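Listed next as structure tokens is one chain, alone, in the form predicted alone.
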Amino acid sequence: MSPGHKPRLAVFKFASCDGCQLSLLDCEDELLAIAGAVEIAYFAEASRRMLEGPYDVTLVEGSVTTDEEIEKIKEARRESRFLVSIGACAISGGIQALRNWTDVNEYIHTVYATPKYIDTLAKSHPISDYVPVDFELRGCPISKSQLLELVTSLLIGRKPRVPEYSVCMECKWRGTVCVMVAQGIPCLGPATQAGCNALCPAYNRGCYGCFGPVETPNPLSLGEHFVELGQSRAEVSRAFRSFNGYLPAFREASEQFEDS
């Protein structure tokens, strides 16, 4: 950022549960420091004052599910120096991307009393399907510490440092015995990017893939091991079809187990 210029921060929400924005608010004391270092120009979750762009850093939560949102994200991109997708919805389409494997109109007519009032796209799309994204911050929700690292890095002009290894590394660091080896519990940890401090395995639960696949996840081999543990191939397909199920590695694995 240029000297003497107080960077302008914007936070936009699309189709999501607001969890990633709440992670920013959950920073509490750290948020005060951020607020002192930047001008929070647009953040509907936290302020009634909405300023027009341009913005230096824009954080985008949620997936694109309507034609109106397509135009909105394109406008946000034009007004932003750095645009960052935060969370599974913005990066992969989120849990609402389950609609991508079926006919959304069937659900609309089943759920809503007056379907004609519903205007939605056939699929839930990540932000990167419509505009260039400068960085993606994984998680469902995102990690508070990673968010602080992201904002701080962009303010001082360096690349954010976030982990690229798997959840298994976090299990080892916190001394958690592998639930898959010791208890036969299916766990996506070997194929999932770290960021949660291996929260679920610490409570004797398998990883659900909240931070999406690592760079080389090998999900097919992992899925076959789930079958050896007693899961049906349909159950394996559903395991990959979760928070980040529409990211290519997990999507292709889920479809292969579904069809086999």
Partner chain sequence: MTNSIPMPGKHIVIAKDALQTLFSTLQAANYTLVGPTVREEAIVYEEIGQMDDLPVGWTDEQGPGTYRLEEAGDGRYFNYVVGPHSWKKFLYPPKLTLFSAQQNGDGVEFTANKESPQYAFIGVRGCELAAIAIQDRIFLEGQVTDPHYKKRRERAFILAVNCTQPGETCFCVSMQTGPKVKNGFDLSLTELDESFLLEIGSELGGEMLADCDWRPAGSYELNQSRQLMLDAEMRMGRSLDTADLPEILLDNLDHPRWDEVAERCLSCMNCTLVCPTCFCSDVQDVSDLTGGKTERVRVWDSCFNPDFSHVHGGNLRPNIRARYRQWLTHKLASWEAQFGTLGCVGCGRCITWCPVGIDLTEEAAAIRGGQS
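Positions refer to the first chain, counted from 1. Every value quoted in this text rests on a predicted model; they were computed, and no experiment measured them.
One more form of this protein exists, namely the form predicted in complex with the partner chain; it is left out here, but the text below deals with it.
Next item on the list: Check, residue by residue, if L25, E71 and F82 all come within 4.5 Å of the partner chain in the model of the complex, counting heavy atoms only.
Entry: Zero of three within 4.5 Å in the model of the complex.
Next item on the list: Mark P190 yes when one of its heavy atoms lies within 4.5 Å of a heavy atom of the partner chain in the model of the complex, and no otherwise.
Entry: Yes, P190 sits close enough to the partner chain in the model of the complex that at least one of its heavy atoms falls within 4.5 Å.
Check: N100: heavy atom within 4.5 Å of the partner chain in the model of the complex?
Finding: N100: no contact with the partner chain in the model of the complex.
Notebook entry, point to check: Heavy atoms within 4.5 Å of the partner chain in the model of the complex: does E235 have any?
Noted result: Contact check for E235: no, nothing within 4.5 Å of the partner chain in the model of the complex.
Check: With the cut-off set at 4.5 Å between non-hydrogen atoms, does N218 touch the partner chain in the model of the complex?
Finding: Result yes; N218 sits at the interface with the partner chain in the model of the complex.
Next item on the list: Quick one: find which of 177-185, 89-97, 105-113, 132-140 has residues within 4.5 Å of the partner chain in the model of the complex by heavy atom distance.
Entry: The contacting stretch here is 177-185.
Note to self: Just to confirm, with a 4.5 Å cut-off on non-hydrogen atoms, which of L51, V227, I34, A44 contacts the partner chain in the model of the complex?
What the structure shows: Selected residue: I34.
Check: What are the residues of 164-178, in order along the chain, with a heavy atom within 4.5 Å of the partner chain in the model of the complex?
Finding: Going through 164-178 in order - heavy atoms within 4.5 Å of the partner chain in the model of the complex - the hits are E164, Y165, S166, C168, M169, K172, W173, G175, T176, V177, C178.
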